[in-house]
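This document starts with one chain, in the form predicted on its own, laid out as structure tokens.
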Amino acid sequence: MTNFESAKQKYAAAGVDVEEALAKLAGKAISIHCWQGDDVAGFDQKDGKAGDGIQTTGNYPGKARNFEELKTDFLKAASLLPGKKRINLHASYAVFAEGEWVDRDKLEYKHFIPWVEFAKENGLGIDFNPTCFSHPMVTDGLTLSHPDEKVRRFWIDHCKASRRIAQKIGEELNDQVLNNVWIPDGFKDIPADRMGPRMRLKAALDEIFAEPCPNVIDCVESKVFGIGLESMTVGSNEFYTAYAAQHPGVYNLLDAGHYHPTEFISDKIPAMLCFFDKVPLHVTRPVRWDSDHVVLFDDETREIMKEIVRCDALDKVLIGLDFFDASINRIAAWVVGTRSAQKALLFALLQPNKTLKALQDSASFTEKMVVMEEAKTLPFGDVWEEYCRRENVPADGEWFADVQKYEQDVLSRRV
């Protein structure tokens, strides 16, 4: 008997169908962010680097410097990842023809055709984001909420252009494309007017979302604070949740790093599912605040995935990743983070959830605790290893040598 067969028997004794869990895992796409590969630099600004509302730390050698290098790096990471995958793009990753450039408010679908061709060639879905940071028009730390109509108009036009691009991508791929609006707007010190910026943001969003885009899933991403914006963030969770509640077809994206340290989005997911048919999600790892560390197989990541499974919401929760670490090998970061999210989802699918729910509903809290704790030590690793084998990717302990060779052969030559 193999380790996997033995594991199946143990899970079956606990009331868990391992084959059903593996089938569900294989069918759930994870949206993998492109910006881990180049430290959120993008292609549309000269000497591009993260700034104006976002930042990365570290200078590990070998980051991608252009479209071809980023594609190659992404495919290397993807070759080491099981399951269905999507690629999550920011508008700053527009690919211009030689000698061509337009600013973000004038971007068109043609600037993303190379990405669509890449997706078709490799069986990937695409998600999209307007890039409201790392740009000179982020003025006084504000974009869509700025009191200057000229600044506000630039960003409104950029977000409208991004929705049109996402719509065309969806048409070309015969798919729904998540289009996520995140802005860095806020104030370092105590503001004299909190409502004014939010009313301007509300009016801007109304205009942005007015055009019908049937292939687009619209969402807004809330945040509690940021560096230089410690006293107030315009796009708070309360603001965006209320906005989404009043605007059918717009959703509040939950990012695991965008809340107070005592808050957990694992608790927010079932609350949102009571009212919304979709919950967009960014899985990341905050360390004290929104630091976007590489996702690990840690407690909160497992709890996030448990709530998705417990709520029978695999088709409702749109799982994306959002982390960027410039201090370590970027390919390894992609692989560790994505595999950790997938492991956490498999772990959730292998829990005796029906039994646990029945015990809770019957007030059998002692037995619920016993079963919940004992499920933690079932042979999860043997099932993960079998999943990797079936997906034809290296198991744990086997893939890192491939990354090291890629660093030696490819990344080390980028100087």
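Each residue number is its position in the shown sequence, starting from 1. This is a predicted model, so every value here is computed, not measured.
Just so you know, the form predicted in complex with a small molecule exists too; it's not on screen, but the next bit is about it.
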item	value
Within 4.5 Å of the small molecule in the predicted bound form, all of D44, F112 and K160 (non-hydrogen atom)	no
Contact assignment for the small molecule in the predicted bound form, among D218, D255, D325, E307, heavy atom within 4.5 Å	D255
The single option of K71, H90, R285, K168 touching the small molecule in the predicted bound form, heavy atom within 4.5 Å	H90
Contact flag, F133 vs the small molecule in the predicted bound form, heavy atom cut 4.5 Å	yes
K223: touches the small molecule in the predicted bound form, heavy atom cutoff 4.5 angstroms	yes
W35, heavy atom within 4.5 angstroms of the small molecule in the predicted bound form	yes
4.5 angstroms heavy atom contact with the small molecule in the predicted bound form for L350	no
One stretch from 58-66, 35-43, 362-370, 378-386 that, in the predicted bound form, holds residues within 4.5 Å of the small molecule by heavy atom	35-43
